[in-house]
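Next comes just one chain, in structure tokens: the form predicted on its own.
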């Protein structure tokens, strides 16, 4: 893995200033003040909002509280998507802080998975990591790790410990020198303009002639509408971690440096704002 540790650090410590407000129809015993928090982009909503939950529960009666869920401008927020992805996809063009509405009733069964405990988040996270390593190394690296290594990855994410996480995760980012990259690149492409949750296909980082595939090559093959200019002008932004990487960027480099902790590149295709 090339030594761009600053990039890894910048990605890890990316934060989104957020204002949580209780939904107006929730029953409270006194007024609920908004709660402000810097959300880590690489984490999951249900992992980092214990303080939010406690803050609002203080003004509510026990019988009015059921499972907490979050919504932005009418869209329920999927807790199993990383926070940075949710923001890029739904709110990247809006002013900060990000205004999230908190609910304790009327759980939207059709839109959201239940999150009964932190164990559910851990299970989802580890399952994504295993899927990513199946694509990259035929699962060899993750299967050779001990249980305590898997735990260290999870605890590193849960407790926001960069060094603890990367001490193990770097092994998942290595590949034999003669191969120039992973077997396949773990990626998911998301668009708000379609019903499909995301696009995911097998895509190699290196072409048959040895050339490194780029982000542009990937999009051209699996989601051409994202970059095909109509009238010569691109209508979409391609975003990872709140930035628009150049389409010429090698996919292998992106996979090593801009993947989320689950080892996937989560790529958002966002329609450009028309003034």
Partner chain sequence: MEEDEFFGEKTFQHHCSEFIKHSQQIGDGWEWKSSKDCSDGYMCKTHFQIKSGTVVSNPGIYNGVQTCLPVEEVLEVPLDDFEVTQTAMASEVIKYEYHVLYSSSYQVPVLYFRASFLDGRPLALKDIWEGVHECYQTRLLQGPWDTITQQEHPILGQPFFVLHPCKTNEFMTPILKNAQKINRNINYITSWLSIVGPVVGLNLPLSYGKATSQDEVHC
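Computed from a prediction, not measured in an experiment: that's the story for all the values here. Positions refer to the first chain, counted from 1.
Omitted from view is the form predicted in complex with the partner chain, to which the following refers.
Student: Heavy atoms within 4.5 Å of the partner chain in the predicted complex: which stretch among 174-182, 91-99, 105-113, 69-77?
Tutor: Of the stretches listed, the one contacting the partner is 105-113.
Student: Quick check on this chain: which one of 140, 117, 159, 127 has a heavy atom within 4.5 Å of the partner chain in the predicted complex?
Tutor: Checked against the cut-off, the match is 127.
Student: Please check if residue 122 has a heavy atom lying within 4.5 Å of any heavy atom of the partner chain in the predicted complex.
Tutor: Judged by the heavy-atom cut-off of 4.5 Å, residue 122 is well away from the partner chain in the predicted complex.
Student: In the predicted complex, does residue 196 have a heavy atom within 4.5 Å of the partner chain?
Tutor: So residue 196 counts as contacting the partner chain.
Student: Does residue 164 reach the partner chain in the predicted complex if we count a contact as any heavy atom within 4.5 Å?
Tutor: Answer no; every heavy atom of residue 164 is more than 4.5 Å from the partner chain in the predicted complex.
Student: Under a 4.5 Å heavy atom criterion, is residue 131 part of the interface with the partner chain in the predicted complex?
Tutor: Heavy-atom contact with the partner chain at 4.5 Å: present for residue 131.
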